[in-house]
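Below you'll find only one chain, the form predicted on its own, shown as structure tokens.
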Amino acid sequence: MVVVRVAVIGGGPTGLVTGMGLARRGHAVVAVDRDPGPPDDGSPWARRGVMQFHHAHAFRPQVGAVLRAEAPAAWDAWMAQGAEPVEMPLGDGRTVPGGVRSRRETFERAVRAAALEQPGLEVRLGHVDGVTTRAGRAQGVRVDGSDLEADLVIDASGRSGRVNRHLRAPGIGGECGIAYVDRVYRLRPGVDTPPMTNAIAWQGNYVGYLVIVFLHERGIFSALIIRSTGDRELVALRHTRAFEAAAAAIPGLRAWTDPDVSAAVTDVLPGGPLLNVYRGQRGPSGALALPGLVFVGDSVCTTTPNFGRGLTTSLTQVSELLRLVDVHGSDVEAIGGELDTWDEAGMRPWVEDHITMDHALARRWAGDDIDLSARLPSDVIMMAAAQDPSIGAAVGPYLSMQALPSSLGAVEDRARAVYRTGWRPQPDPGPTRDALADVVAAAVPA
């Protein structure tokens, strides 16, 4: 076996799971990150520069599958820290994995702890100044002014990573037109779990906004209120009094946040700009951005949190990258080229799906009807299953990410027929956007 020297830019889950997978194969890996890691005393981990770290996450079955296969010590550490695997019942009495309930911080603590113990993987504190090159190929990275040589450089620096951004073609997408605020709570001892839409979350659909609750481990949950970025009146939801008033006014959310049911454990957490962005492995010329350099994780595929897909898309990329290294070893151009082909086929469609859905959702919030002359967004197709149950056969594989968004094309005409009857999905009981804006304004006077 050829031992490949690998430099990984970024010490988040994507970078560290990649590093562990490569080190377990016998390769020599150094992962570089600016964050010194969680405090030894167990106090909260600031994780500066990673906006989504403190916000809600969904851990789909694919996340656990990749961890068990490529970083089993991280899986064991995650379970030891209280993560809760969920089993979904099937009609025949069997169960299948339904995901894992956990906070992002719990997950990252486990992954980092396992990475620090992984032979062949060094987690180095530092700042990557850039990628070094020789004869048009990556030859390593410069860390705080010193060169670290590598045969393969992996950029897992996330959606905000800038060190190699100039090398790549622009890609598709951008800000999606929706934003959210988030607050973390803990259920009180002895309280039953409030109603759930599925094994991981509860969702409420209202006139002009959306609410999601993600259940984590040990009764901890995150409550999100999602709005249009153009809705300036609901920006005030970032204030505690406004968020609490809104939570009390929305029946489905009140079932979770009533003081007799739960207690807040954080302040309100405003989210940054939500993005749907895809950028592959190629530069503006169409050639690889730089032979010997590959991108993985959020630096390739970023989607909004509505469906909780982010960690799944990142870790499935990790799995494919590791497979390609197994096949091609030190042939870094083959790795980069085949990874780009795989990204185009398997990652880009999820970003395109979110772009279509989120833009259409913002238009519906603004009062537009469903456009039956255009391609129907995936969420609109799914909602039609309430009237035509035959649509549901295609919904399950799509929702579980076992089938790409194009799979819903087989039932799109049936969904369109449902809407042509004049039927429209009804909002959940609760205030409209205008009524919610009045509640917010009363709680936080101008």
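From a predicted model like this one, the values you see are computed outputs, not experimental measurements. Numbers for residues come from their place in the sequence shown, where the first is 1.
What comes next is about the form predicted in complex with a small molecule, which does not appear here.
Query raised in the report: Out of 168-176, 119-127, 91-99, 189-197, where are the residues with a heavy atom within 4.5 Å of the small molecule in the predicted bound form?
Result: Among the candidates, contact is made by 119-127.
Query - Full three-residue contact with the small molecule in the predicted bound form, heavy atom 4.5 Å, for S228, A360 and A441 - result: Answer is no for this spot.
Query - Candidate from P291, P305, G140, G280 lying within 4.5 Å of the small molecule in the predicted bound form - any heavy atom - result: It is P305.
Requested in this report: State yes or no: in the predicted bound form, is some non-hydrogen atom of L210 no more than 4.5 angstroms from a non-hydrogen atom of the small molecule?
Outcome: It does not: once the small molecule is placed as it appears in the predicted bound form, L210 has no heavy atom within 4.5 Å of it.
Query raised in the report: Is the gap between S222 and the small molecule in the predicted bound form 4.5 Å or less for some heavy atom pair?
Result: Contact check for S222: no, nothing within 4.5 Å of the small molecule in the predicted bound form.
Query raised in the report: Even though the small molecule is not shown here, does R375 get within 4.5 Å of it in the predicted bound form, heavy atoms only?
Result: R375: no contact with the small molecule in the predicted bound form.
Query raised in the report: With the cut-off set at 4.5 Å between non-hydrogen atoms, does D33 touch the small molecule in the predicted bound form?
Result: Judged by the heavy-atom cut-off of 4.5 Å, D33 is in contact with the small molecule in the predicted bound form.
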